[in-house]
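Given as structure tokens, the chain that follows is alone and in the form predicted alone.
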């Protein structure tokens, strides 16, 4: 039996076993101890590079390296190669950081003819990106910040700080062991997913009537201390409902959803059935855990996923009951069929001449759009089918994004003619758009075609975006319910079972 607290509040994170660095090796699921084996739910590029020879030419030729180390110089993570083999390299990086700090400054970046080296220090952790791409310093630092947030999502910022205050030379790999695939996956997906560049989430195109049915079912299937309910399909957001008091104090950021989606995508444990685990959403509250119930609704395909976030660490059975009610309602209304049959649209569906691809991020889709920025884009088509070409196109978009959002000289419109395509970036008070045309399109023609594209998007708006954010109440208390990031009851050490999932 679970207590109804009448309001929801966070559990402060104090769950790490700092002296031993150990985690429980199993979780209590449905009253039985179920071992969760390491694995990967998808072919994550780069996992084969874990033991790559760091003296080889192939290691040096990677387009982007990412290193994580402690401010004591202890290696924590390397995108390519073994951290131990790179300990001397990371030692040099830390020496640079310390040398500049000794002069009362903070090292930001180093530029050479072929490489850009960007540094980011967050508390006791130092992040370094060594890139041969044309990304700006700001964009590379943003990617490092995502890596930091992914680590925080597993350990919380409070725990990281406390560990290194207690023991400055602590080897954080002991707590992150097995999570390398999560960080690898994050870095891979950032290369070809525009969600991170736009700071927005992509929704699965769905008729508004079908989306409303799904949202209404989630809205009615609630339990005390349930804060968010997500339905995810094909790694895209289908529906989200939330406790109505959330908006009064804070809001869910796209970055937190990106981290959650990456965690689900990178681990095969989430295909094992019902999973109950602590997870921190760093931009929502970087010091406390939510407790996530994750279940696939269409085994064995595992393309439709239900995620319920609670603030009660004892709420597994309550969440499982919510899932049962949701499944029953979905079955009785045949609601998941529309999700299973939904397809991403292609650029030919738009009917705009010479258009190859586009990214569109509105500013006013719904009343609370700032809570959940969204974007839409068609499936990649020829000539951007290969991963290499997809990355190349996104690099072009990144260059346009950097120029149009320049802090020194922001722009409203950019027309750029590249070797194989023509690009146009356009930012107004209502939208932000990046479009790719064939190479011979003139500026005047491109703007004219974009006007047609805007009409098509307006017509399809209800299908492409979540235009209404359903809410519910799990408490009968009147007035404002606090989302106090407080320091109430400390959680038990046995709750820190995150790494056993990986």
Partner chain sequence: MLMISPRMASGMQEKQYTPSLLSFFIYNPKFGPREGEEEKKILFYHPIEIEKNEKIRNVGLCEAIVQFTRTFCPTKPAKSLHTQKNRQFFHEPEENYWMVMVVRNPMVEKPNKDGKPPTVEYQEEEIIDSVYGSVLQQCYSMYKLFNGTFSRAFEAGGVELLTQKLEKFFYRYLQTLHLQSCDLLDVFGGISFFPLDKMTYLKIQSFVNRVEESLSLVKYTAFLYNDQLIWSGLEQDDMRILYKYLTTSLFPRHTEPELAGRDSPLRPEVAGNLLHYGRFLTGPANLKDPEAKFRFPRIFVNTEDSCEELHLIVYKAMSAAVCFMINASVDLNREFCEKLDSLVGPQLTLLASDICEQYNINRRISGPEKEPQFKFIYFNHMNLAEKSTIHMRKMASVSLTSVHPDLMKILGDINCDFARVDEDEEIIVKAMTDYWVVGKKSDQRELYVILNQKNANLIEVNEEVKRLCATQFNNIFFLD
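We call the rigid core whatever largest set of C-alpha positions still superposes within 1.5 Å between the two forms. Note that the structure is predicted; figures quoted are calculated from it, not measured. Positions refer to the first chain, counted from 1.
One more form of this protein should be noted, the form predicted in complex with its partner chain, which is absent from this view; the next part is about it.
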Next item on the list: Please pick, from 130, 315, 277, 120, the one residue with any non-hydrogen atom lying within 4.5 angstroms of its partner chain in the predicted complex.
Entry: 130
Check: Which pick from 399, 157, 150, 376 sits with a heavy atom within 4.5 Å of its partner chain in the predicted complex?
Finding: 399
Checklist line | Stretch in contact in the predicted complex with its partner chain, which is absent here, among 254-262, 416-424, 379-387, 233-241 (heavy atoms within 4.5 Å) | finding: 416-424
Margin query: Is its partner chain in the predicted complex close enough to 96, 109 and 407 that every residue in that trio has a heavy atom within 4.5 angstroms of it?
Written below: yes
Notebook entry, point to check: Does its partner chain come within 4.5 Å of any heavy atom of residue 438 in the predicted complex?
Noted result: no
Next item on the list: Examine residue 324 and determine whether its closest non-hydrogen atom to its partner chain in the predicted complex is within 4.5 angstroms.
Entry: no
Checklist line | is_contact(residue 465, its partner chain) in the predicted complex, heavy atom dist at most 4.5 Å | finding: no
Note to self: Please tell me whether any heavy atom belonging to residue 100 falls inside 4.5 Å of a heavy atom of its partner chain, as the geometry stands in the predicted complex.
What the structure shows: yes
Next item on the list: Align on the rigid core first; then say whether the Cα of residue 60 has moved by at least 2 Å between this form and the one not shown.
Entry: no
Notebook entry, point to check: Taking the rigid core as reference, does residue 444 move its C-alpha 2 Å or further between this form and the one not shown?
Noted result: yes
